[in-house]
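Take a look at this one chain, the form predicted on its own, written out in structure tokens.
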């Protein structure tokens, strides 16, 4: 798509989406960059041979050690606040270095209100922030300004397009003051699509609401509303789940942003005319169709209300994100396939908590599971495997295996990648 529009662009793999080193290696082979959020993520990228200019640092908290490592290895940094600027600049002075710096922007106007983000400098103040503090005689004279970055929650195309348009206005104001913007990074992730059928997605929402408002059987554990609130037998709000079905996603989502008009011309044309590189972090979209989380069945039991609980050798942090539930059905691999009646179950995990559910949804299996059968959760590389993974109870973290096909199929531990 970028080549079709002749747009200078770089794709960055969001390292926080998955800790597998295999994906850093793949990003390097594809010519992508890597967006890092911690010192260890930076270190791994350097150790795996990624060029410093292909790494960026957007960590929410940047301490002395992290910034010192970035300076030593000449890794560009996105700054977020005044304290961060002060610390970075003091380190640059102490080390007698300069560094490429981008500024995170927020506070964009949309629908007559400001879009909230806890990140960045306000869009109405950022130009003054940069022009008054940088340059040879400025407070941050060791900074080398290169670009602008923003991060928006959600997947609203008009909001993302509006933020890009207003960031272009900031770039113009900076250019008038002698500061050239080399890139604009439209952070916040690119929406992907998990489901083939819109009917399936809409039917789930209908059946979920029916189960919560009537006496029909539950489809979530103890009729969990997945983030909705029930008041006077009415449901308020929407399920707090990822939008698993989308008509416009991945490259078409980005294209819809870039073709939005600004002053009679599409946004991509404004980027080209100003010779500004577009940067994106697709997040989970870059990992679509990657990753399978596999766990063994440890036990089966009936709870006090008659549900069949199936205990898995895993915990809920290994299948958990900011979404209220993961809405893809797992694959069931029995050791001894046999004809039988479907069995409705809930998967529970190893943490000693009443709410230790792997999925809140009731799942139908083709047969009653046996101890040692495998449950495979699919398409989990993007944020589901590692983002919240915990070692509570002193459990070992899951083993990460990489499967490749060369002359034949082979599997090896991710930690062996060099």
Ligand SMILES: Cc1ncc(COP(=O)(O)O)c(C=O)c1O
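Positions refer to the first chain, counted from 1. Just so it is clear, the model here is predicted, and its values are computed rather than measured.
Form predicted in complex with the ligand: not shown, discussed below.
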Checked 89, 151, 279, 270 for heavy atoms within 4.5 Å of the ligand in the predicted complex; positive is 151
Partner-free chain; cross-checking the ligand in the predicted complex, the single residue of 120, 291, 189, 225 with a heavy atom within 4.5 Å is 189
Per contact check vs the ligand in the predicted complex (non-hydrogen atom within 4.5 angstroms), the hit among 280-288, 343-351, 130-138, 194-202 is 280-288
Checklist entry - With the cut-off set at 4.5 Å between non-hydrogen atoms, does residue 24 touch the ligand in the predicted complex? => result no
Notebook entry, point to check: If you check in the predicted complex, is residue 383 within 4.5 Å of the ligand, heavy atoms only?
Noted result: yes
Query - Non-hydrogen atom contact residue 316 with the ligand in the predicted complex at 4.5 angstroms - result: no
Would residue 104 count as a contact of the ligand in the predicted complex, using a 4.5 angstroms cut-off between non-hydrogen atoms?
yes
Applying a 4.5 angstroms cut-off on non-hydrogen atoms, the residues of 53-74 near the ligand in the predicted complex are 58
